[in-house]
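Only one chain comes next, encoded as structure tokens, the form predicted on its own.
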Amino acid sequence: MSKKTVIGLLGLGTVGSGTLKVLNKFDNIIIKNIAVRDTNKKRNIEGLDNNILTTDAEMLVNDPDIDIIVEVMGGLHPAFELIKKALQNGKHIVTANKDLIAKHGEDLFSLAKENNVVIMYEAAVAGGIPILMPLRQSLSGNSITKIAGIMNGTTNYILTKMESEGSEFNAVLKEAQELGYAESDPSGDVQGHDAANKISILASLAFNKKVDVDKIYREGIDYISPIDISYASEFGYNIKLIALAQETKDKALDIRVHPMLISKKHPLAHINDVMNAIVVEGDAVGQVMFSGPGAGEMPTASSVTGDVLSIASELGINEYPLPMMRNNHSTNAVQLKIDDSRSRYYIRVNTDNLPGVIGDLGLTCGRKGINLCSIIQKGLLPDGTARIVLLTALAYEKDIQEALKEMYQKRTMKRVENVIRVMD
């Protein structure tokens, strides 16, 4: 890579700063300009040349000398408009923007194809964990059947602390905010939006189909309690927020994000704190797992830099650079509705403490075609009601919901406290 590759950097926040630090180690990379909101802001970056800072992002995407635009500013706008203009001007793109790729990726990929340039976005899914290139290259000989992962460090940190300390969700969330692991508005993380964007990107690559992120079923972790974590542990499970994508027998895609009970024997069960991990299952390789830091300044910068260097190695050599990394899917995925999905279930209810209640719950499930693996009473509450936990065999979501409706209508039922799916 003796030829110099000229970079325009959009954004100099946490990821942008890390990217600048890493890229500065390479003699073949020239960072010509960096677009920022405020050129006078003090930045803790050794050797930063303030003369290359500008508030004019349009200048970068229109500069004929710039080969690659690196977008680490985040958000949908003006990132979308800037990248669109850069593609029209024949520039390659490296981005860490998961929201942008999940919501506008198809438009941008089409534009990149028209202009014979490539969009690289390894950092958009799992920070420093390499997953997109392995899917496209190392695992390309497989028919991928399933992807399941812990793709959000904030929620994993919260659930880990709740498990280890027996703390309530709100208390741990506050601590995560104080430590900088959670935003002041944490809804993007704790409600599963972030993980949904990431699994939509992975699913589109793994199954070579267009995925609509707005059709992905999503639940957050704010209803998980220490009681559920404790009972799950007794049964041999941990609780994690899982992003799941799998192909059904009729080739529909079952894509969803929600908490799940995971067997303590499963490799994902032991991914704790802010770490991320992704398990990929293929017909040839079986099961492989990629794990590591899913966010942060330097891990994300590592992935961004890897993409930059991959493009730089092709410039001036190949007229059609990095064909393996281009999105070529042209068909829309048939995305399974949550009612038609199948899982095992953990159900916690409070009922009157009367003879026959447990048997009645079993009969209710049986009438809906739901087999029970376990049904136990977990003592009495201060109000005299009984706490009962059910674990089901594989069942359709719609059947579970029908059974829950029937349970609600019983005079002996006080509350259905929680329903959590169980990973196979």
Ligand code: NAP
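Please read these numbers as outputs of a predicted model, since none were measured by experiment. Quick note: we count residues from 1 along the sequence shown, nothing fancier.
Unshown form predicted together with the named molecule; subsequent notes refer to it.
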query: Contacting member of Val36, Ile388, Ile370, Ile31, with respect to the named molecule in the model of the complex [4.5 Å, heavy atom]; finding: Val36
query: Position in contact with the named molecule when the complex is considered in the model of the complex, options Gly282, Pro130, Gly74, Gly306, heavy atoms within 4.5 Å; finding: Gly74
query: Location of the named molecule contact in the model of the complex, chosen stretch of 218-226, 200-208, 344-352, 291-299 [non-hydrogen atom, 4.5 Å]; finding: 291-299
query: Ala86: touches the named molecule in the model of the complex, heavy atom cutoff 4.5 angstroms; finding: no
query: Contact flag, Arg43 vs the named molecule in the model of the complex, heavy atom cut 4.5 Å; finding: yes
query: Non-hydrogen atom contact Glu314 with the named molecule in the model of the complex at 4.5 angstroms; finding: no
query: Non-hydrogen atom contact Arg256 with the named molecule in the model of the complex at 4.5 angstroms; finding: no
query: Residues in 86-119 with any heavy atom within 4.5 Å of the named molecule in the model of the complex; finding: Ala96, Asn97, Lys98, Asp99
